[in-house]
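So this one's two forms of a single chain, laid out as structure tokens and tagged structure 1 and structure 2.
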Structure 1
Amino acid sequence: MSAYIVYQDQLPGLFRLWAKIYKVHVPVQTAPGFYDFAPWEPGGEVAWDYDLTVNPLKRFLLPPREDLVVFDARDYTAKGVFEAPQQLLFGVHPYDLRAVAQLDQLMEHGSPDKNYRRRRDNTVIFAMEPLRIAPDAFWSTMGAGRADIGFDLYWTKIGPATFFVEVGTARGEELLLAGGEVERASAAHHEAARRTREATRRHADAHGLKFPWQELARVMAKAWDDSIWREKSSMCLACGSCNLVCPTCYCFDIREEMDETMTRGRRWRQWDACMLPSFALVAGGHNFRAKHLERYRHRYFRKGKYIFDMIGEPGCVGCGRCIKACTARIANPLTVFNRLWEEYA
């Protein structure tokens, strides 16, 4: 794989070039200790050393609300809506990349989701090696510390103003070289990048799963009747925050609205959350997961078993966002997974 060296002072020029084609989003500090992706602005600060953004990337690929169909109620015709802006996400950490790679597979599975596919095709992802690790993060032990696919370029900061940039796709390389020549990485640069990543990995591995993630589905299979579900869910507020911030939660509801003429309207999908009481409620009042316990357990089984069985990896990448978002302090997958391991290994 070819690699280049980019210096900090080349970046403003490159960003300006990219912003001509793409809506560019970069990690920024939104409040002390809080980060998120925001539109890049000339002269704006990029939070190179962010540990975790509040929101995951799914909103760029599966927006909180996305039109699917416009219809005309006079003749009952309907037409598909496909919005797919050209966007470039800069500074994506590997665990988020892994989550996107999962969404890619899950949305393609069975009946391929054209709306997702088109957005994804128009999205350039420039990944970035994390410089800091969030206190709750355990992605390294979930196998999400390194991504080999799903990025167009992979940036590793190897000096105060020096970036080692690995090429993932031809599109990525073209964008990197769009402003003129860029220095080829030397063997010493490769070595520096390797050392940087090793340091990150060492640090990241210090906290996390106490067992190989490959064992997770096997452990979960034994845990249906475990007392942990009652224990944790008895404090659950059923707010859905864990679903909201999860980079791999993709369940959605379908809604519609007429315009002011009451003849035309649109139908859209919007994020839904399996922790909300109405998620499995059908007309007539029967609720297939009426209890907090059932919904809490279902979410864990999706992450630890159902998705695992489908794609061969857990539906949790260990970002730790749910841990931070949960006001009842019960959403920590690490506590749950580690305890189940101790009980059922």
Structure 2
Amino acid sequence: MSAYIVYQDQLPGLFRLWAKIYKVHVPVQTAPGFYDFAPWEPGGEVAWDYDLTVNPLKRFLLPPREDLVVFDARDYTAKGVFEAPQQLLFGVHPYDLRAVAQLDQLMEHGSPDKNYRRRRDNTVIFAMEPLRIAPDAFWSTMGAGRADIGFDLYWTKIGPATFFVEVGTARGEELLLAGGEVERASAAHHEAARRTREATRRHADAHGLKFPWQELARVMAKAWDDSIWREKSSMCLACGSCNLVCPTCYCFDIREEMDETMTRGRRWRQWDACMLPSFALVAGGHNFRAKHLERYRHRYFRKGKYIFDMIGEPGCVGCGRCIKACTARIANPLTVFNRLWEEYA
């Protein structure tokens, strides 16, 4: 894998070049202790040391609300809507990269989601090694501390103003060299990057699962009737925040509406959340998961077993967003998984 050295004073020029082709989004601080991805602006400050963004990246690939079809009731015609802007996401941490890779698999599963696929094809991802670990994060023990695929470039800060940049795709290398010649990484630079990543991993490993994540589905299979579901769900407010901030939740609802003339209409989708009481409500008024307990348990089985059974990895990357977002402090996969391990290992 090719690697280069980029100095921080080269970046403004590169950002300007990339912004001519793509909508460039970078991590920024939005309030003390809070970060999010926002459009890059000349002179704007990039939050190189962010620990976690409030919102996941899925909104760039699966927008919260998206038109799918427009139709005309007068001549019974319909046309698909595909909006796929050219976009570049700079500074994506490996656990979010792993979440995108998981969405790539799930959205291809069964009937491929063409809207997602077109957005994904038009998205360049420049990953970045984390410099700080969020207090609730446990991604390192969920197998999401390092991603070998899914990025165009992978940036590791090895000095105060020096980046070691690994090439993931030809598209990434072309964008890196768009401004002219870039220094090739030496053996010493490779060693510096390795040491940086090892230090990050040692820090991240200090907080996490007490068992190999590969055992999670087996443990979950024994836990259907465990008391933890009633204990935790009794405090659930059914707000759905854990679903909305989760980088791997991808459920959506589809609706249709006519315009005021009742001649033209559109079909659109918006994010849905399995923790909301309406999620499993069907025609006739029956609700397959009417109780808090049923919804809470379903979410953890989805993350710990159902997704695992489909693609061989858990549907949780350990980012810790749900822990931070939950006002009742019950959305904590780490606590739940570790307790179940102690009971059923």
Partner chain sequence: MTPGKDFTPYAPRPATLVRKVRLSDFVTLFEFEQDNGRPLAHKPGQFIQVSVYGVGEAPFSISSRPKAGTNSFEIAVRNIGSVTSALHALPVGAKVGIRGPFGSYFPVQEFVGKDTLFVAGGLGYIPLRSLLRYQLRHRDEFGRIMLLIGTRSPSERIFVDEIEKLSQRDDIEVMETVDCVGDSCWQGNVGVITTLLPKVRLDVENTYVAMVGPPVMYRFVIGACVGDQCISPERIYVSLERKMKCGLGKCGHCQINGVSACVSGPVFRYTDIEPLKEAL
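Rigid core (definition): largest C-alpha set, two forms, superposition within 1.5 Å. Predicted, not measured: the structure shown is a model, and the values here were computed from it. Counting starts at 1 and follows the sequence of structure 1. Residues that one form lacks are left out of the comparison.
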(message) Just to confirm, one of these is the form predicted in complex with the partner chain and one is not; which one is it?
(response) 1
(message) Counting only residues modelled in both forms, where do runs of 3+ with a CA shift of at least 2 Å appear between structure 1 and structure 2, relative to the core?
(response) 256-262
